[in-house]
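For reference, the chain that follows is the form predicted on its own, supplied as structure tokens.
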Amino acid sequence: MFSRATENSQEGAGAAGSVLLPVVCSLTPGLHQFKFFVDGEWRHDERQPFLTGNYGIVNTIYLPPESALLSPRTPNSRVGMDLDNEPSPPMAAEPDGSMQDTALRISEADIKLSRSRISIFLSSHTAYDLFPDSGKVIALDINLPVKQAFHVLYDEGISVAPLWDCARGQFVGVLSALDFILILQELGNRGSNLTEEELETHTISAWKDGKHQMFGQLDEHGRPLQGNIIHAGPYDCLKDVALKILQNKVSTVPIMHSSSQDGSFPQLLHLASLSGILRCICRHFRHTTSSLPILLQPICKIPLGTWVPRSEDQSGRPLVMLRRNESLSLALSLLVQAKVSSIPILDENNSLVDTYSRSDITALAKDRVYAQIHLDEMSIHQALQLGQDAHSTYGGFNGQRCQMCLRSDPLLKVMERLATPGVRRVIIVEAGSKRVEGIISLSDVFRFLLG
């Protein structure tokens, strides 16, 4: 950080009446590294030369000796930047015109080494490592009225709960936010056989049977359900739990244990998620980042996530985005049809202002708002405002609902943000304009880490 900042109202006056504080520092000849402290975070300017150092990605500036400044430069001469008497790596021009250190180009050897060490860690730890010191898990009886279940999810701040069938002595599935999206869409259909009054007595079991008739049996992501509930045991290693989540394309896997041989009347111990597993990885490797070479690499150098295709690239898959004045009905339809869990919400300048996720639907349970609105008449902005007061863990994140990063941020930073409870994706935005450049989800990270 710089000291001796002086206020200059003439030269330092910025836009909107802000005041800039110019700083004058005397630096010795040689290579210097620096970063910027912006909005409580250390960042670097990707438009200037930068490299990876002891403090992550840092900008660099080289001040030549006075003799070098006075001597004429020959056409083939180059002012080098020496560090520990070794020449610095050459700088390479990127497609966007920025200059980057070629050492930042991720190698297959680094990826292979990092994946191997993560695999060893996950294989040597079990689901027990995910259990909190204290907590609770919520399960719903299949004979509970749908309306009550809707309010339970809202009150408990959760978006999915296992379903218990007392007659069978088994967990038989899950109730998720997608169920309520489909229910609200069905209520909005004029020809629907389901009315708001019927939600008082319409049970979860009856809804599941009706959903099977209307849509075919679907899981929480709108795909055909395959038999029994997907679950894991407390002694299963974390790698197997993560693979089970990825392979079955679900957001959570119940951790259950039964003392009987036939597996009846199991105990529900925990709901495992990729976020919890990632939290274990970050906690273990946070202070030994050198053992995982990929952690300090900028995410733009890693084959990870879904990115907005460049104008010259027609092969990319376009991202689903909406403006905040679009209808809630449109947002819900896209969540179902596009099989995505969240949609970036933009303002009139195409800047990111928020995201609307499947789990946000539970906010409509507050004061029975779902019974007083028409989905095609409520805007996304209005729907998001309803959820601002929710005490759901899927809500505020200490005032940061929408998790953002820059394309130049290191993978470790993205992983730590995704390890926050309730966060399932990070939006990559352009510095300054906040225009969306890509999305990285939890499943993206684990597919990359596990190869």
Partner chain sequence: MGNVSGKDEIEDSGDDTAPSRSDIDPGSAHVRRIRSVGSAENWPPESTGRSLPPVMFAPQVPVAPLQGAAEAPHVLQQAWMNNPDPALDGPPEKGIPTLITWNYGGNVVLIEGSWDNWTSRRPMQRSGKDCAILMVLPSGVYQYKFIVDGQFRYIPDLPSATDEMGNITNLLDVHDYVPENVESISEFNLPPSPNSSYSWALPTNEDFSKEPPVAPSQLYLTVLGMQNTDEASLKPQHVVLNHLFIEEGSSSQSMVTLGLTQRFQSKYVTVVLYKPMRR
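Positions refer to the first chain, counted from 1. Predicted model only: the values in this text are computed from it and were never measured.
Beyond the structure shown, there is the form predicted together with the partner chain, which is absent from this document and is the topic of what follows.
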Inset, instruction - Go through 333, 148, 123, 116 and name the one with a heavy atom inside 4.5 Å of the partner chain in the predicted complex. - result: 148
Legend entry - Contact residue in the predicted complex, chosen from 183, 152, 378, 232 - any heavy atom within 4.5 Å of the partner chain: 152
Inset, instruction - Tell me, please, which stretch of 345-353, 132-140, 238-246, 298-306 lies within 4.5 angstroms of the partner chain in the predicted complex when heavy atoms are compared? - result: 132-140
Legend entry - 4.5 Å heavy atom contact, residue 287 to the partner chain in the predicted complex: yes
Inset, instruction - May I ask you to check whether residue 211 falls inside a 4.5 Å heavy atom distance of the partner chain in the predicted complex? - result: no
Legend entry - Close approach of residue 266 to the partner chain in the predicted complex, 4.5 Å, heavy atom: yes
Legend entry - Contact of residue 172 with the partner chain in the predicted complex (heavy atom, 4.5 Å): no
Inset, instruction - Counting only non-hydrogen atoms and a 4.5 Å cut-off, give the residues of 147-169 close to the partner chain in the predicted complex. - result: 148, 152, 156, 164, 166
